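So this first bit is one chain, no partners, the form predicted alone, shown in structure tokens.
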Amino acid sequence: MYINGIGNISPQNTYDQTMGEGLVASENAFFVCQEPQYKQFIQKKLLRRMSRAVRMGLAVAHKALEEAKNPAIDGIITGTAWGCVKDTEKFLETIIENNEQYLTPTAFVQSTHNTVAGQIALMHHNNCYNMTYVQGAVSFESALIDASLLFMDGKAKNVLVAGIDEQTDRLKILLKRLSCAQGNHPMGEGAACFVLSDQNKENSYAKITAVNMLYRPKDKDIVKNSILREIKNAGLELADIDVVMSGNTDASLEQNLIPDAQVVAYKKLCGEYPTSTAFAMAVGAKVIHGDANTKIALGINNANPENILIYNQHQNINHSIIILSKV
């Protein structure tokens, strides 16, 4: 799969520009996204009815399609764990306030996880394949695998794939109570969207040569063997991996497995959230494409990295492996 367009809203300035100097740090154990001026491409009357998650989803889809020169889209696939949290809160509040009576279906419809994918389809008058994956920390990877299956079956030429999760004030309170948000381990949010194609084009950033997930591996050897297998399946050797983008606080496994590769922590720029690997893939693709500012932001020393391994795990339950390679 080739990445032909990227839209990325994150705590850093990644939507209209590339990261460089003046990186944003977390505040009170939380990262908050820098959002664009939505009225540039969404009508004001529509904006008033849209939640923040939907706005971010539409914005990154618009950016990715624009960069890919607006190809015909054969599928829209999103991954999200938290969904439209703000709208879900509104729906639950309405239930309580109205004593479980006189509820409008609109409040429920807007609170569902597939609202973003549906709104993207409506905005672009697209009635193609439309799917949303809610698989916790591997929601985005599930969306990528679905896209790869569409390409393998010959059912798509261009697919829009996104990973989106938002925070709210109430969610922040819950995350603090659960001790998820801490000063040395800040929580984050973000929305990243990609136009993927089965064809290499002039505007291609990179190609996705491997995507896989693991669920509750019994030991580290299983994880190591899975990473090695994906590297082999991608047609690469261990020495070909230039950079490992790790989403883990302890990156000893990656460092011991691939000692010649530089290991960098991408969550220092976006924080912890279920679809953070979408952010990692967006910035990783730009690094491979030669974006010097993004390399500086991540602390990458390699002048021209050609193969990047993205490895993330959540509480040793869900593990994800993504490999990006130079076109």
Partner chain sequence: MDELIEKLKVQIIKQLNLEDVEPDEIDADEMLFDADGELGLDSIDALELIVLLDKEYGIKIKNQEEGKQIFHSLKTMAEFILQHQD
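Note that this is a predicted model, so its numbers are computed, not measured. Residue numbers count along the first chain shown, from 1.
Keep in mind the form predicted in complex with its partner chain is missing from the figure; the text below concerns it.
S.K.: Consider the chain as shown here, without its partner, and state which of A251, V109, A239, L228 has a heavy atom within 4.5 Å of its partner chain in the predicted bound form.
M.R.: Looking at the other structure, the residue within range turns out to be V109.
S.K.: Look at the stretches 29-37, 43-51, 282-290, 258-266 and give the one with heavy atoms within 4.5 Å of its partner chain in the predicted bound form.
M.R.: This holds for exactly one stretch, 43-51.
S.K.: Would N203 count as a contact of its partner chain in the predicted bound form, using a 4.5 angstroms cut-off between non-hydrogen atoms?
M.R.: Answer no; every heavy atom of N203 is more than 4.5 Å from its partner chain in the predicted bound form.
S.K.: Just to confirm, T104 within 4.5 Å of its partner chain in the predicted bound form by heavy atoms?
M.R.: Within the cut-off, so yes.
S.K.: Should R55 be counted as a contact of its partner chain in the predicted bound form, where contact means heavy atoms within 4.5 Å?
M.R.: Yes - in the predicted bound form, heavy atoms of R55 and its partner chain come within 4.5 Å of each other.
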